[in-house]
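For reference, the chain that follows is the form predicted on its own, supplied as structure tokens.
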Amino acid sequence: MGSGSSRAPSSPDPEEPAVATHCPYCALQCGTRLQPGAPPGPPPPSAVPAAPAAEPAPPLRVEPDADFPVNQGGLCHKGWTAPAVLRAPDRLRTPLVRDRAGGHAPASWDTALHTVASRLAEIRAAHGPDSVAVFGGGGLTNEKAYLLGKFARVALGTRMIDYNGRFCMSSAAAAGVAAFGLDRGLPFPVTDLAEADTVLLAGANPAETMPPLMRHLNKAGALVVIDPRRTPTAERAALHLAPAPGTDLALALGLLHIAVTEGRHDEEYVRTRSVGFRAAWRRAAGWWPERVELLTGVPASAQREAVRLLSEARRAYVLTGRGAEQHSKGTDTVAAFVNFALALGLPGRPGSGYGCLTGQGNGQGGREHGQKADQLPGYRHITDPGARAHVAGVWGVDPDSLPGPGLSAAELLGALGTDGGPRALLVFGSNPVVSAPDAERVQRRLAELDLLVVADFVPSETATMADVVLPVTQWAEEEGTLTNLEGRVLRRRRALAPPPGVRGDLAVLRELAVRLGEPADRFPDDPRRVFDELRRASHGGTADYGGISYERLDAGEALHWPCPATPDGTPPHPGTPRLFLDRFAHPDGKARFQNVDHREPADARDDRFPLWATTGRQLAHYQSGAQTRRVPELVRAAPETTVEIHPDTAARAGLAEGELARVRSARGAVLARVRLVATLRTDTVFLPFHFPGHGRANLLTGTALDPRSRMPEFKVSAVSVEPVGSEEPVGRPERVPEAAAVRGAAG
């Protein structure tokens, strides 16, 4: 379904006022209104047949908020069906504790929390605080992300905490901090894009991943898309550049080369608003268009046309997404596109700019307030003595008691159960068995743990492996805040009560902290109290929320961080929707060009693995699919793992449309249904990463990491493709193979 999908608004029940909140999925955080206790409205326009009457009706009716500027009354297929997730047939409603037979038995909350706290205490006493680790999620509210970081560092005393947002936009964050001194996905409102003359999208497919964003991009002038696939977004573009996977960095260097040699760069901007241009240009000078064409496959004429469209536009934007980031050189790739944007004079210029399309619902706020291994609330670095003193003061602890930086997400998961690595893991809001790179290895590492605890609302593939499963609330059942891709802080509001037996994550963290010996008042479970503490902890930091309050948000104010607190008697700070208009966040106020050059991916194609595999999202599903694979309408739209392959490539492999294929890499093999796509490069196949079991695309991906962001290389793996002799299960919802048997003796 495209961005224009809509329904006629239905009349609300006057006895049940609609609740204004936001979609639980991507970082657009589209505005919605939920009607409690109402029957579902008509299905959204699509080719998917109507749901059978036997399916349980959602507890809410959802309508898009026409007044919210990000989605302007639009929703994607996932947003329309979001309430159905709340009544998933396998919704967790009671804690589960693994028994000696290897199964899960229902338990009381007191028993489950006692089991977790006592085992954590035993493991810490025997092996030290870093023997316990915490893994968070980019979908957690700001309050949950903040309290989770505090819980790890204070109640557990561990440095071992990171989150799945490391797999999302960590490369853009690292590049943004280096270039601008500050990382915010979009340093301008989404609505600015509609006024653009030209927008370049590098490695982004919002027509499928963020459909309502297309409402703005469709109003812009020319759209230039860089993607190895001819995606639905590329279909709408004035110009599509299709580089070979892993060559985006060389292409970005080539665009800078053309801008400079053809005199299309902004010399005055470069001189007055930036530093480091000469070193960056020396790298790009060697990447003339014909050399770039030989490596990337993008014609020199198309490169020149892209530069012309950007340089001649009065208002222009360069946007990057996961396709540019999820590489072992992702930070340098994003930096090269930032260099190109700086050379054209776009960042900080009214009506123009550079931005990153953050993916997860709270990917922005989730990394700002303490889930990352190296950060404290307010986007403070954990090694900064001043930052440690400030946050410790808010928390009421000694700064010296705070641990230092820990391991990044992929490294943390890889260290689980090893000598000297964590022996216990608490997972909140993530499903690494499906979403992590080299997924089979991660599954083995989880099986080696002495204790695995998962807080979730459904039995995800990771939860099925847990020793203790804690049922927690979902988006429409809780209060809190999230921060969308444009740095706008939003209110999540409760529309209905959670099922009996289900608790909020804040309450779970409080109970565990108290059982581990912490004073109860140090871990509040009221979202407003937690947010007020977050405000104080972030005060003076890069991501300063000091002037934001529930009262201001509930009054309808649009507040983008930084929004510092102001002295009593003075007007409140209005927030900062547009950054860098006067200066960048470096001490001298100038942006930094980065000295980067192309290098090859970690994998190399050869006779055994002659193709490139790249991964991404589909319209019907989200992230690991733990939510969307429980919505019948979405499952009918995309029921299993597919592999997109060019017809000529398929013919050479002996494959036909709809047949079962085995895709192999050096790490593992995936079973997928063949989809012939004539517009795909003949050297490339594409797999979605939403599916479990034998259909996990991340069975193929490797452990190579970006040296700065620690981003895994999801987007390029050397693979082969071959027929499968007989029908085998393909990526449908199922128990993780052998998980129960492997962990049968635990707990």
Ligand SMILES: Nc1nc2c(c(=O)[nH]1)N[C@H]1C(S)=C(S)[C@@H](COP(=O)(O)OP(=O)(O)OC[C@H]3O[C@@H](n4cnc5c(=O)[nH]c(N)nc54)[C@H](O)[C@@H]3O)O[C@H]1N2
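Remember, predicted model here, so these are calculated numbers, not experimental data. Residue numbers here begin at 1 and follow the sequence given.
What comes next is about the form predicted together with this ligand, which does not appear here.
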The listed residue (Ser171, Gln371, Asn142, Gln627) that reaches within 4.5 Å of this ligand in the model of the complex by any heavy atom is Gln627
Just to be sure I understand the contacts: of Asp332, Asp505, Asp162, Glu486, which is the one whose heavy atoms reach within 4.5 angstroms of this ligand in the model of the complex?
Asp505
Assess the spot marked by Lys78, Gly359 and Phe428: is this ligand within 4.5 Å of a heavy atom from every one of these residues in the model of the complex?
yes
Pick from 668-676, 289-297, 530-538, 609-617: which stretch has non-hydrogen atoms within 4.5 Å of this ligand in the model of the complex?
609-617
Any of the heavy atoms of Phe691 lying within 4.5 Å of this ligand in the model of the complex?
no
Does Leu559 make contact with this ligand in the model of the complex, using a 4.5 Å heavy atom cut-off?
no
Indicate whether Gly575 is a 4.5 Å heavy atom neighbour of this ligand in the model of the complex.
no
is_contact(Pro432, this ligand) in the model of the complex, heavy atom dist at most 4.5 Å:
yes
Of the residues spanning 308-324, the ones with some heavy atom within 4.5 Å of this ligand in the model of the complex are Gly321, Arg322, Gly323, Ala324
